[in-house]
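Single chain ahead, written as structure tokens, the form predicted on its own.
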């Protein structure tokens, strides 16, 4: 009976002419007190059981940090004073999002496929229930700010593809990473249509003293505050003593 079910599942599974096989240079990033960023190498190959179909093969790779809700506010001048007026809550905004491809996205992915797989940066962000007429201006501002600070990256020639089989791309991750699972996606496209995809995760965690201080600030905020005060007093006294010693 089990063999019969396995046989039925085998025939029921969709046949794929091309399949992506990928790996990462590391699947875990430890954030320490001296952490200054990290490089991730994504590499892989395209597995075929038959000659390649018509049309050039393209590869898109995305690296996405944990999604967060963000409130974007607009300042207007009222009676000579700049104040917050309208606000839009972006319900889903990746804390980090990087895209690398073998060619410009408009050439390797149709609008329909972009909408279906949420690949481009505007598609990866979702703002609902804003109640503001020009809500798109707020999401555009969020994308512009995060692009300028290096949290959103689009590299349309960042994937090296050799003989339509082997591919590789390198991502530079900044020092201000948010903890969590970072989703890595590899998509194969032909004529703008996604023909196969592969997903894997990178675990980003604080460790050592950084982890201990973070946990203490969340679980014991009073002790964390007193400890910070004591350290500030000791540091001030030490600096003063050193200055007096130098003068004497």
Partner chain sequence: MQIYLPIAEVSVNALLLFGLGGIVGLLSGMFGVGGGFLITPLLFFVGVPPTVAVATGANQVVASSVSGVLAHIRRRTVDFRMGWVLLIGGLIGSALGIWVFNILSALGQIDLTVQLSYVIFLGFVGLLMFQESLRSILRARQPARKITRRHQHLLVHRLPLKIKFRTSGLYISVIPPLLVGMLVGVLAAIMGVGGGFIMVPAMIYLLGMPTKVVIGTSLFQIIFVTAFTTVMHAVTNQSVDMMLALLLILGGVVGAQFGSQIGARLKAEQLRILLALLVLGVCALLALDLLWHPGELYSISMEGRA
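Under this definition, the rigid core comprises the largest set of C-alpha atoms superposing within 1.5 Å between the forms. Residue numbers count along the first chain shown, from 1. The structure displayed is predicted, hence computed values, not measured ones.
We do not show the form predicted together with the partner chain, though everything after this point is about it.
- Of the candidate stretches 53-61, 190-198, 203-211, 39-47, only 203-211 has residues whose heavy atoms lie within 4.5 Å of the partner chain in the model of the complex.
- Contact with the partner chain in the model of the complex, judged by any heavy atom within 4.5 Å, is made by just one of 137, 118, 154, 166: 137.
- Interface residue among 106, 123, 92, 144, judged by heavy atoms within 4.5 Å of the partner chain in the model of the complex: 144.
- Using a 4.5 angstroms limit between non-hydrogen atoms, residue 175 touches the partner chain in the model of the complex.
- Interface membership of residue 69, defined by any non-hydrogen atom within 4.5 Å of the partner chain in the model of the complex, is confirmed.
- Under a 4.5 angstroms non-hydrogen atom cutoff, the partner chain in the model of the complex lacks residue 181 among its neighbouring residues.
- Residue contact with the partner chain in the model of the complex: residue 17 places no heavy atom within 4.5 Å of it.
- Applying a 4.5 Å heavy atom cutoff to the partner chain in the model of the complex picks out 206, 209, 210, 213, 214, 217, 218, 221, 222, 224, 225, 226, 227, 228, 229, 231, 232, 233, 235, 236, 237, 239, 240 from 206-242, in order along the sequence.
- With the core held fixed, the Cα of residue 51 is displaced between this form and the one not shown by less than 2 Å.
- For residue 197, a C-alpha deviation below 2 angstroms is recorded between this form and the one not shown after rigid-core alignment.
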